[in-house]
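Read the single chain below, which is given as structure tokens and is the form predicted alone.
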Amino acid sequence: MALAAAALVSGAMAGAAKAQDTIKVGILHSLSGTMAISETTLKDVMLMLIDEQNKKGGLLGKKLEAVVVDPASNWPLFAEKARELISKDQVAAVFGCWTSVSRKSVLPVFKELNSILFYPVQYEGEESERNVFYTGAAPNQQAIPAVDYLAKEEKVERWVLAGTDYVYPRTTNKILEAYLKSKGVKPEDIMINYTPFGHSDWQTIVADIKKFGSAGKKTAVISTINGDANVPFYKELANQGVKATDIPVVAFSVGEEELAGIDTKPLVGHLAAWNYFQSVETPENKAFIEKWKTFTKNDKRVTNDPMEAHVIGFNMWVKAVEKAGATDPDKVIDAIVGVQVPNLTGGVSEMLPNHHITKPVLIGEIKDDGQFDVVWNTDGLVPGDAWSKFLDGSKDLVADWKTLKCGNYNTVTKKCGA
């Protein structure tokens, strides 16, 4: 019996040691469903980054191991898969989500289990969680600069805010509506429209946009349409002859990956606002594109903004783990604020106390090859704001997880919110 017990203990110890041979990294992106058009490539770039790190010797003397799951564009399933990654697979960190509804779904899981999520996509702001690092753009790093560009450079006076019906477009458009009105835009010069995920019949909506734009004032569309609904939307614009010279569309969720699936020739001149484009000419970006095409063994695979956000977030996590000397979430969360890593546009991004990063803002014009010609960019990097200065319930709030240890500190009441 003693020998049997000893064997069991020895076996358990061996199993535990084997389990600790690698550091597991969770990848939580939709590989099927309406968001697969955007998210699959993010899974691929994470696999590339993990492979690269392992070729450098891994992390803390151990190899990294990717654990990939498919939440299938099913928002409740995101939470189930996140719990599985953290509790069952015991990943050190998770890189994932695209839509804000998927992020909102997993937040309680990361808080309860005290794990870390790196979120790589532009979003609506109005959030700062201790367990989340937002490497995509906040509204002041995408939406607001895009409106300013259109008003100044394109002389736009009427605005169509068109989005998919969920939290990101609705909150972003709430901020934009308040911002436009603060600039003197009249309510009748703002048209707001929402459609469900996967919406395919755009004929009536595009006709309404054309009618709204025929009032004698320069009109533009601000698009927060997400996923595969973008394909029929842009096709219908072309079908009805909506040209960029007449009613320009600036998209916040359409990049090189989405354009790869449609005929872009009728869309030449329409715009997108991001923090990165594949066409950016820097040594860092050139090297990244070469590595990407080598890894995928496909010269036609494109790069895009959320991929760069994962590059930045992954490298920040690696640097924070090395700084902390451990993958323990509490130690990494404390170590990562202030960490700086190069981005692909030639600058250096920093993790701020509000768990957002510094990013450049670029406006790109669609070319007939599905790439973007950068027509405008900020002079430097813009710090991400967790809370909007244009909403009454948010303008007095700041997030600071380093000194204040709070994601929604009220600068007037001097109290941390719930």
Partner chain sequence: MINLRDFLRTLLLLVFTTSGAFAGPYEDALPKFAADSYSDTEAAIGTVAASGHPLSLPLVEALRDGRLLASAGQVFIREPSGGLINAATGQAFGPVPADLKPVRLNNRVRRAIEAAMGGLTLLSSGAAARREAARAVFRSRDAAALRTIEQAIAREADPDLKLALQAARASILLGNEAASTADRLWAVETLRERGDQDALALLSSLPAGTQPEIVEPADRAADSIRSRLALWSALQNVWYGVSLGSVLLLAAIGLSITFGTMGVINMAHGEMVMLGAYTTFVVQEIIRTHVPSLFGASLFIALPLAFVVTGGVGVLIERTVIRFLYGRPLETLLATWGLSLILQQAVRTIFGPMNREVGTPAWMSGALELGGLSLTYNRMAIVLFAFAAFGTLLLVMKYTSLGLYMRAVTQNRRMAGSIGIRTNRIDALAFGLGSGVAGIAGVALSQIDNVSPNLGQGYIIDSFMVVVFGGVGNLWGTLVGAMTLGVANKLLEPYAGAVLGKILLLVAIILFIQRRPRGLFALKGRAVEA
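Numbering follows the first chain given and starts at 1. Everything quoted here is computed from the prediction, not taken from an experiment.
What comes next is about the form predicted together with the partner chain, which does not appear here.
Colleague: Among 192 to 200, 78 to 86, 96 to 104, 173 to 181, which stretch sits within 4.5 Å of the partner chain in the model of the complex, heavy atoms only?
Modeller: Contact criterion met by 192 to 200 only.
Colleague: At 4.5 Å by heavy atoms, is each residue in V231, K235 and D263 next to the partner chain in the model of the complex?
Modeller: Yes: each residue has a heavy atom within 4.5 Å of the partner.
Colleague: May I ask you to check whether Q340 falls inside a 4.5 Å heavy atom distance of the partner chain in the model of the complex?
Modeller: Residue-level check for Q340: no, no contact with the partner chain.
Colleague: So in the model of the complex, is the partner chain close enough to P187 to count as touching (4.5 Å, heavy atoms)?
Modeller: Residue-level check for P187: no, no contact with the partner chain.
Colleague: Should E127 be counted as a contact of the partner chain in the model of the complex, where contact means heavy atoms within 4.5 Å?
Modeller: Answer no; every heavy atom of E127 is more than 4.5 Å from the partner chain in the model of the complex.
Colleague: Going by a heavy atom distance of 4.5 Å, is L113 a contact of the partner chain in the model of the complex?
Modeller: No - in the model of the complex, heavy atoms of L113 and the partner chain never come within 4.5 Å of each other.
Colleague: To verify the annotation, which of these, G58, P360, G33, P353, has a non-hydrogen atom within 4.5 Å of the partner chain in the model of the complex?
Modeller: Comparing distances to the partner chain in the model of the complex, the residue within 4.5 Å is G33.
Colleague: Counting any non-hydrogen atom inside 4.5 Å, which residue from D334, E322, E153, D328 sits next to the partner chain in the model of the complex?
Modeller: Of D334, E322, E153, D328, the residue with a heavy atom within 4.5 Å of the partner chain in the model of the complex is E153.
Colleague: With the partner left out here, which residues of 230 to 247 have a non-hydrogen atom within 4.5 Å of the partner chain in the model of the complex?
Modeller: The stretch touches the partner through V231, P232, K235, E236, N239, Q240, K243, A244, T245, D246.
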